[in-house]
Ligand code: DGJ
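Next up: just one chain, as structure tokens, the form predicted alone.
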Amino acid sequence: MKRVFSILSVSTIAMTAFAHSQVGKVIRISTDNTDLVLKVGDNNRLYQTYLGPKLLDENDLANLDWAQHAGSDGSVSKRGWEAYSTSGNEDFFEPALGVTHSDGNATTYLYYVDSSEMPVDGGIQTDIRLKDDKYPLEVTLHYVAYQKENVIKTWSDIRHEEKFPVTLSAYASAMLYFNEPSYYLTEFSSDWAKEAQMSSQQLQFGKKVIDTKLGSRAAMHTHPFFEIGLDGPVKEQSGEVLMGTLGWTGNFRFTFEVDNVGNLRVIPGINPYASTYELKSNEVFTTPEFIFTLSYDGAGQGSRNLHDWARKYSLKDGEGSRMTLLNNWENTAFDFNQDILAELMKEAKHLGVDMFLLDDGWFGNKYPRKDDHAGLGDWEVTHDKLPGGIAALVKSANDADVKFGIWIEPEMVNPKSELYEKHPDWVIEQPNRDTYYYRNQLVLDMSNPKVQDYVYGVVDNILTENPDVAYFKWDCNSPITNIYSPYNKDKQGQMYIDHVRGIYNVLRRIKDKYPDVPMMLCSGGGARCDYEALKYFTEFWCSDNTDPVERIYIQWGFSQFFPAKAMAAHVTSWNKNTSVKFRTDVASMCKLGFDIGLQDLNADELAYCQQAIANWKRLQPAIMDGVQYRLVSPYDGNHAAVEYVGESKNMGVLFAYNLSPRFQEKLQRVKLKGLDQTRKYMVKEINLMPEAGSTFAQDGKIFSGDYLMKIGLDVFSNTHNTSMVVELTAQ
């Protein structure tokens, strides 16, 4: 593979402004498996010279010289692969940074000043300082390499000391370059109930852009992550693949540009659409973190890299346990009262889950929340529905011996609310046009510090008055419409960015005061799913679509980037043509919950659910904290299989699903992964309906790990929408 890139300067520039220039200096950012090598060119600018498998001999770094590329006209191109290319320089393609200086000059050149390294939790952080030679503008590139997990995250700080503000029109988090024969992109499109749908295409000359302009509920149509096959289409278990994701809960943009000689640059960052940012002198503009891994064994290994990294260093309480729960939404919707909820809490205990979660519909008095037309913003208990308030609900939960959690949507407001009547200036809404309502609601202007205090107070007031509230489901059902910030009237170009920063300000305050309270991130389903938000949330809601067949695809897509314990999945009544067993087995691959009334279950189904919950709790070390292997893709046929193996390889769980097999379709054995080939494992079917008995021909038998990985198990059948769960126990 070609991995050396041209970094010859267009001209040699005398760098008198920087006395400590270090032409030829090599900066190595390394994991145990990957090297990203940067080098100071003879023009004192910083270039990428290598990104690929780790070089074993450090002396080889000196051989990463500035190769030249032949142009289509036979000339030699001397453009370099600049680590953070800027607008107005001699590069002809998409820049990472666009600055208009206070005198109107729109060009920027960045020169190397210095760099440093320091240890951080789990890795090494490298900071590289670059400066313009004509203007007092500085960019610091940050890289953290997590050696064991083979993950690198990178972001940038932009600041200046010009007398007047400068305007930022582009501000990417990073730039990465590749020189391969071809590139294949896997993207993740979405909509309500259709999240994380995977599709692939070859990248050809020009730009492919994935972006969102929704502001809030930003990932409703596309998710902030991607995969690129660097030696052919992305495969699960082989081949080289770049997997990247952006930690930003607002508008994002990924630009993939193949240039005139077939090289690829990847530029992730905030979407600058309608977001020209006025940067004051000495203000620091910090870009979101871009997190990526290079896998040399397909997307499966890349996912395992990211899962391991996330649990250790990014996901809130990533190494802690997770609670099972019973939600009331599918059972009652808005139609409940204090007595009904108390009975449901008893059902939660009888079912065997840890917590009862009260969903939408508990708040508002002048405008009670009877449907989605009113009440958002008025976070006080509806007195005639819940006369004892949250305190009575917490007591009922304690009496039932379960925890109590509650739903909120604090960033949103219904026009039919006391909050809107009192503070119309707190709402993102255009002053001189007809208002467009999405789901009968509007978005609060989170750039406003008063709004931030109010939203923080929603959580703080509940927990101050009811410290035993154990969980929050935080929803966000609307994108930003009627785009205008009453707070930043003269800086509308900063609204999208300052809005998201305001959300983070609130979430930081909550986490600082209540570090141990778990929260679910929800956004009309899975429209919020990024690693910056997940610093404050223990899990996210993948989709309102809980049809188990669809969920297999949705969970398959999200699992490319997120560990199972970050993905909430509930058993509901969606698709009653499938069995309760099938629905529960699908949800058991993630953080398990239920949203179903026990009256909808017969005695055998209830007994089955109770046993499945007990099994899930017992197998948490494998499912929540183990290593995941996606064995058979639903995209490839009529079956699916996913395996989890505990870290010590002493336990494992195999989930197998028959979706829509053809008549007398040939059934393949499923070959397992990740076991100790020298150890013996008993295989036992679990999650069986009472009195049903196992149809698994190999049930109770003992095999070597070597056999299971090379020969496999007969876990598929020709029966539609059926499932099998097999426990593996080392002997």
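Source: prediction; values computed, not measured. Numbers follow the displayed sequence, beginning with 1.
The form predicted together with this ligand is left out here; the points below concern that form.
Enquirer: Quick check for you: of 293 to 301, 520 to 528, 206 to 214, 655 to 663, which stretch puts a non-hydrogen atom within 4.5 Å of this ligand in the predicted bound form?
Expert: After filtering at 4.5 Å, what remains is 520 to 528.
Enquirer: Please identify the residue among Tyr367, Trp329, Trp556, Trp379 with any heavy atom within 4.5 Å of this ligand in the predicted bound form.
Expert: Looking at Tyr367, Trp329, Trp556, Trp379 one by one, just Trp329 meets the 4.5 Å heavy-atom criterion.
Enquirer: Note which of Phe336, Tyr629, Phe256, Trp407 lies within 4.5 Å of this ligand in the predicted bound form, where distance is taken over heavy atoms; exactly one does.
Expert: Result of the distance check: Trp407.
Enquirer: With the cut-off set at 4.5 Å between non-hydrogen atoms, does Trp248 touch this ligand in the predicted bound form?
Expert: No, Trp248 is distant from the partner.
Enquirer: Is Lys473 close to this ligand in the predicted bound form, meaning a heavy atom pair under 4.5 Å apart or at it?
Expert: Result yes; Lys473 sits at the interface with this ligand in the predicted bound form.
Enquirer: Against this ligand in the predicted bound form, would Arg439 count as a contact residue? Criterion: heavy atoms within 4.5 Å.
Expert: Flag for Arg439 set to yes.
Enquirer: Is there any non-hydrogen atom of Trp616 lying within 4.5 Å of this ligand in the predicted bound form?
Expert: Outside the cut-off, so no.
Enquirer: Can you name the residues of 477 to 498 that have a non-hydrogen atom within 4.5 angstroms of this ligand in the predicted bound form?
Expert: Going through 477 to 498 in order - heavy atoms within 4.5 Å of this ligand in the predicted bound form - there is one hit, Asn477.
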